[in-house]
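Below you'll find only one chain, the form predicted on its own, shown as structure tokens.
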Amino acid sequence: MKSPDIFIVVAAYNEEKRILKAISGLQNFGYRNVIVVNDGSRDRTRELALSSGAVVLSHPVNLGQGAALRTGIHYALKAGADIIVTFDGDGQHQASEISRLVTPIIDRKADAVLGSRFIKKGSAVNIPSSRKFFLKAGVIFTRLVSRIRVTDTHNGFRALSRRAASRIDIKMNDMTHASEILDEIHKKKIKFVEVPVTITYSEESVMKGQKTSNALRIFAKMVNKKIFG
């Protein structure tokens, strides 16, 4: 039986300090179909990613992570991907855990596999208490608004079968896309499971991550979408 073609989509914005480590980590675990979407970076992210042998797609300006994933997923589908894994370029995700994400799809138990940092104790390494609070609040919000029972929401570590990736329509360019993906999974009745993954927070990743004001804007956008479509 032929092994599935697994493509890794990495959205990257000004990640010159971390992108090579992220790509080499993926390659060390045998993942050769690595697509880096350089989302209008102003540093050497594009050049370094190219030097690693990854496929690099570039936006001329910064459009947002949602737009970057949309570009990468469309490319992967056209290239014949059977499974698409979304993976951060800032060092928060572990390449060693990808096999855990793709196994339910390979075993035909799910079409979408969502990584969760809250299923297993200690999986959110060095997470600031304020970040944990808003993520937990996001879970409650998602269960009420999107009506999908998950334990984690804005976790970019996920795997999608070709069927799921083809059906999920990412329209929101910014970080709101993470909630939008969950909304799409529920609306289109895509079978999903959650698996525990490790998210490691560094000082730099915390500084680049979502601020409280951004989290509130995401909530407002999703409510607006639900009301006005």
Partner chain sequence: MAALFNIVLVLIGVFVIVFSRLNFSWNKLSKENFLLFSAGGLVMIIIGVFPQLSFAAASVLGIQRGSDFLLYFSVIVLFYLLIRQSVKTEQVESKLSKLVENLAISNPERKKPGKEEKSKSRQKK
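For clarity, every value in this text was computed on a predicted model and none was experimentally measured. Numbering follows the first chain given and starts at 1.
Heads up, the form predicted together with its partner chain isn't pictured, but that's what we're talking about next.
Enquirer: Where, among 179-187, 193-201, 156-164, 51-59, do residues come within 4.5 Å of its partner chain in the predicted bound form by heavy atom distance?
Expert: Selected stretch: 51-59.
Enquirer: Can you tell me whether residue 74 touches its partner chain? I mean in the predicted bound form, with a 4.5 angstroms heavy atom cut-off.
Expert: Yes.
Enquirer: My question is simply whether residue 32 lines the interface with its partner chain in the predicted bound form - judged by any non-hydrogen atom within 4.5 Å.
Expert: Close contact exists here: in the predicted bound form, residue 32 approaches its partner chain to within 4.5 Å, heavy atoms only.
Enquirer: Is it the case that residue 173, even though its partner is missing from this view, gets within 4.5 Å of its partner chain in the predicted bound form, heavy atoms only?
Expert: Result yes; residue 173 sits at the interface with its partner chain in the predicted bound form.
Enquirer: Is there a heavy atom of residue 26 lying 4.5 Å or less from a heavy atom of its partner chain in the predicted bound form?
Expert: Residue 26: no contact with its partner chain in the predicted bound form.
Enquirer: Using a 4.5 Å heavy atom cut-off, are 101, 109 and 117 all in contact with its partner chain in the predicted bound form?
Expert: Judged in the predicted bound form, none of 101, 109 and 117 sits within 4.5 Å of its partner chain.
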